[in-house]
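Okay, so here's just one chain, in C-alpha cells, the form predicted on its own.
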C-alpha cells in the first residue's frame, strides 16, 4: 500500500468542489483508496459524503492510502495531493 501525508494548502480545504474532484480522481483507481484527517479513522476516498465528513480545512494534514504500489499508485497520490493543494 502506498501512502502520502499532505498538508492541505487549498484555501477552502476539501469542501464541495475540491472534494468532488478528489473523489472523482480516487474513483478512477481500481483498488481501495482511503483518506484520513491526521491520525483519525480512514474513510473511503471514493465517497463524497465520507470525504466531506472529514471536515478537512486549510492547514490540516491528511493521510492518503492507495492500494498497490508502483507508478500507478504514485501517479494517483500525486494527483490527489495536487487537488488538495489547488485553489
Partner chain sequence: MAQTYRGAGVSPGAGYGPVKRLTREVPQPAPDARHAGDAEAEARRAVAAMEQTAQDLTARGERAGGEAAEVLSAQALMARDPALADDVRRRVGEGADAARAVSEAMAVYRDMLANAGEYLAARVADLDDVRDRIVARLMGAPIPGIPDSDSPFVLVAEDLAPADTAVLDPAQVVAFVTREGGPTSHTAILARSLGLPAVVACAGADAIAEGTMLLVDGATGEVVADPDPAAVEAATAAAAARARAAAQSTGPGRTADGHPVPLLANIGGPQDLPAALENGAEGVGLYRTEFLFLDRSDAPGHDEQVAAYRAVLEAFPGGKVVVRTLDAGADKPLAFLPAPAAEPNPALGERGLRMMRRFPETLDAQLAALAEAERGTDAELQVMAPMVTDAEDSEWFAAVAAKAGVQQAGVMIEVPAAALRARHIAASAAFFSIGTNDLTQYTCAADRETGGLGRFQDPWQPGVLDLVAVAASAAAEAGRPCGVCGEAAADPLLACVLTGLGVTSLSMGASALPLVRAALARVELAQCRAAADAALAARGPEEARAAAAAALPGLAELGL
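Numbering follows the first chain given and starts at 1. Since this is a predicted model, take the numbers as computed values, not measurements.
Another form, the form predicted in complex with the partner chain, is not on view; read the next lines as being about it.
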Partner proximity in the model of the complex: residue 28 to the partner chain, non-hydrogen atom cutoff 4.5 Å: no
Any of the heavy atoms of residue 32 lying within 4.5 Å of the partner chain in the model of the complex? no
Could you confirm whether residue 24 comes within 4.5 Å of the partner chain in the model of the complex, counting heavy atoms only? yes
Classify residue 75 as contacting or not contacting the partner chain in the model of the complex by the rule of any non-hydrogen atom within 4.5 angstroms, answering yes or no. no
Quick one: 11, 52 and 55 and the partner chain in the model of the complex, is every residue within 4.5 Å by at least one heavy atom? yes
Going through 1-19 from first to last, which residues have a non-hydrogen atom within 4.5 Å of the partner chain in the model of the complex? 11, 12, 15, 16, 17
